[in-house]
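The same protein chain appears twice below, in two forms, each given on its own as structure tokens and labelled structure 1 and structure 2.
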Structure 1
Amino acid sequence: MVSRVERKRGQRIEQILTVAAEMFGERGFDAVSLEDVAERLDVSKGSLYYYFASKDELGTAAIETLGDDWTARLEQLPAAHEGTPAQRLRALLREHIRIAVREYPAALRLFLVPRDWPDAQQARIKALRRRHDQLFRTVVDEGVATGEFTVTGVDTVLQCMHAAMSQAPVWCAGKRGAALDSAIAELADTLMMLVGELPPHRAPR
């Protein structure tokens, strides 16, 4: 059982992490100063050091939190567990893009742009990526096993999917409402083609 004090500390950290992840994601790790983060939190710069030993550590923790949340939401998506591999993969793709576009405007950059993190943090980030990747890999593997999917190579396909999804927020930057939904759907459909699934709304040849 956690004491009230510990709970409060946890909340504070979470709050910092949320804001930091958002800012790092939007403007890039290097472009965001701790002063910026502190100001947005309405806190002194020094206070951040009470919770995090360095900017690097804050950055890693932010990525980790963001990645954990993200992965958890995908894992808990009901549609990811029902139906054919194609249906499940499409559901995962859509949800992933939706989260990227709607909640973490440009946060995926944190995963894609390789920064020379200190070793300690390198490992944590890798573990995170692996877990996240596994979600998609499982479904693709299954589709390949059943013969439903045709792929060049699972690794390559997954990489392409993630690379494309990471850019989604940039592409969708201006879109709202139905246009946004439609863009998301189209992107998911496009990526389904990487496993050999032709777009559903077009008649097969």
Structure 2
Amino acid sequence: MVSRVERKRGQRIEQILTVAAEMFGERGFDAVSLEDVAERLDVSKGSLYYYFASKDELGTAAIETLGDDWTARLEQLPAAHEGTPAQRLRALLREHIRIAVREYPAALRLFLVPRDWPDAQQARIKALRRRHDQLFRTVVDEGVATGEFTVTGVDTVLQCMHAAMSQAPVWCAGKRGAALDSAIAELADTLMMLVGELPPHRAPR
């Protein structure tokens, strides 16, 4: 069993990584120092060194934790593997947008401009983006192959989907409860139209 001390340490690391990812996403890697992260956390810089030896190490951990967690959760989503391509793609879109809006609104930008990072982290960001893209690409390719989806081009569709989802936290800012759920569903339904799928309430009977 995990001890209370280990559990608290894990929670503390998670908090540090979440804040660091948000700040890197907001300002870019070069513009954030360990002092900045410590100030937002209201702790001493020395406290951060207890967990991370350098900003590079902190940045790498933030990328790995956020990117791996996000994609792994989508990969493990039961609805992503069951049903028609349309049902699976809609489930992936909704869950991706939900995570972006509810959990990582600022940190999402951490993955949008990898060239702003040092080479090692840049390569890892690109690898995580490819893994994430492949999850959506597999479903879209299947829908096209079966004739369920109609697209102008798979690459174009995926680029439009990812670009739109990256803006979800901005579009959904300030919404709560049912209004937020409705906005997430509406965005997912709008993106489904990129593959020729009408929203459920407008689909022909």
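Rigid core here is just the name for the largest C-alpha set that superposes within 1.5 Å across the two forms. All residue numbers here refer to structure 1's sequence, counted from 1. Just so you know, these numbers come straight off a predicted model, no measurement behind them.
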| item | value |
| --- | --- |
| Panel number for the form predicted on its own | 2 |
| Hinge (C-alphas switching from one rigid part to the other between the two structures) among L66, A80, I97, F24 | L66 |
| Rotational displacement of the minor rigid part between the two structures [degrees] | 30 |
| Cα displacement of R9 between the two structures, core-superposed (Å) | 8.7 |
| After superposing on the core, C-alpha shift for R40 between the two structures in angstrom | 3.4 |
